[in-house]
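Just the one chain here, laid out as structure tokens, in the form predicted on its own.
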Amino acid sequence: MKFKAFLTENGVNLLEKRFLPALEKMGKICHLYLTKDHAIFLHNLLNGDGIQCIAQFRKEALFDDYRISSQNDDRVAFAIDISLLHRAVRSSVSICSEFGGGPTANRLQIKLVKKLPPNCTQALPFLTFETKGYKSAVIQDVPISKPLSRAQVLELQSALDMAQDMPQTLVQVPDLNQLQNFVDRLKHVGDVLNVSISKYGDLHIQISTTLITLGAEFQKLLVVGEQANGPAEDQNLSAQTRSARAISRGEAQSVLVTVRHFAKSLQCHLAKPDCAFYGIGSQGACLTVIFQFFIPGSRQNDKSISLHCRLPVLDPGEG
């Protein structure tokens, strides 16, 4: 199997300044899945433990002169340490800058190689960054796992397909900072968060302990998918009561998630999304957060980039 490409200036900026810092917060190790058309970072899709996080890029968003081949339908996947990858990209950028002519004027090549490390008898796989200057080249090797077998790649693709199932109702939260400030205060109150989402465009977040109940409600948010008009007679009721009535009418869903997982998912703000959508999966299977990116200088969705998280839900007995 072979993979070789050049990171574009836009690709370097996306990875170094935005997505790798966000992905580092999701977990130390992730899978990097390369296909003919996409580069995809996947957290927890195979072990199912913790937040599933998927960042997907069309190859043109990150690379030019992109070449890949394998016997797995030109698909290659391996596990990689995000912090080591981030460090390699960051230092390659600084090396390019020292040589002059901008971050990628000297071409930052990335490729899969097998090398024999010192004191080893067997060649090991690496993702290698090569920065060429005027008189020299600097090479950095990021260790990776053995590339996944055909069966493992199929399993990863199947998990990715399942993780693409979107909730029937999504509500848009344009101000992630407001939500993050609230959740930061919740960390000191308890461990379990009740999240309900209605077809009316309401997002209700509540934490309860034996001593205190604390909640926040975001109303009249933009709804994508199935939606409904809230009954007029509910308008003067408390947020808790309105949420309970909407759930009883089948016009809202509610799940329990850990405060830790919810707070961690908000770290995706480091990727600088323009807004986020929240939804609850079919039969309350998970809480889904979709981060949306606009084409710079417009309000149009940038379809070359996608990022979303799926938070595992707790059994009501655990709450």
Partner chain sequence: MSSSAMETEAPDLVCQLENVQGLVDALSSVRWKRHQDAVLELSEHGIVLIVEETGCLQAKVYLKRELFLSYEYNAQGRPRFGVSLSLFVDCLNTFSVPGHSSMIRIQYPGPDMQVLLKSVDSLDASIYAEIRTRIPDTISWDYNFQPAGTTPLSFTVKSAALKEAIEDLEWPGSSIQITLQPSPPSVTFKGEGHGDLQIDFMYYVNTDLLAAFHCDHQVSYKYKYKFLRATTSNIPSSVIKDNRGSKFTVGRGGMLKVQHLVSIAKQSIPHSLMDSAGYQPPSRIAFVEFFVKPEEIDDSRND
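Numbering follows the first chain given and starts at 1. What you are looking at is a predicted structure, and each value in this text was computed from that prediction instead of being measured.
What comes next is about the form predicted in complex with the partner chain, which is not displayed.
The candidate spot formed by Asn10, Lys36 and Asn47 is out of contact with the partner chain in the predicted bound form: none of the three has a heavy atom within 4.5 Å.
Only one of Phe218, Phe78, Phe129, Phe126 lies close to the partner chain in the predicted bound form, with a heavy atom inside 4.5 Å, and it is Phe218. In summary, among the residues Gln157, Gln172, Gln206, Gln109, the only one with a non-hydrogen atom within 4.5 Å of the partner chain in the predicted bound form is Gln206.
Interface residue remark: Leu186 is counted as part of the site for the partner chain in the predicted bound form, having a heavy atom within 4.5 Å.
Proximity of Thr210 to the partner chain in the predicted bound form falls within the 4.5 Å heavy atom cutoff.
Although the partner is absent here, Leu214 is a contact residue: one of its heavy atoms lies within 4.5 angstroms of the partner chain in the predicted bound form. A residue is said to contact a partner when one of its heavy atoms sits within 4.5 Å of a partner heavy atom; Gln240 meets this definition for the partner chain in the predicted bound form. For the partner chain in the predicted bound form, the listed stretch (137-145, 188-196, 85-93, 163-171) containing residues with heavy atoms inside 4.5 Å is 188-196.
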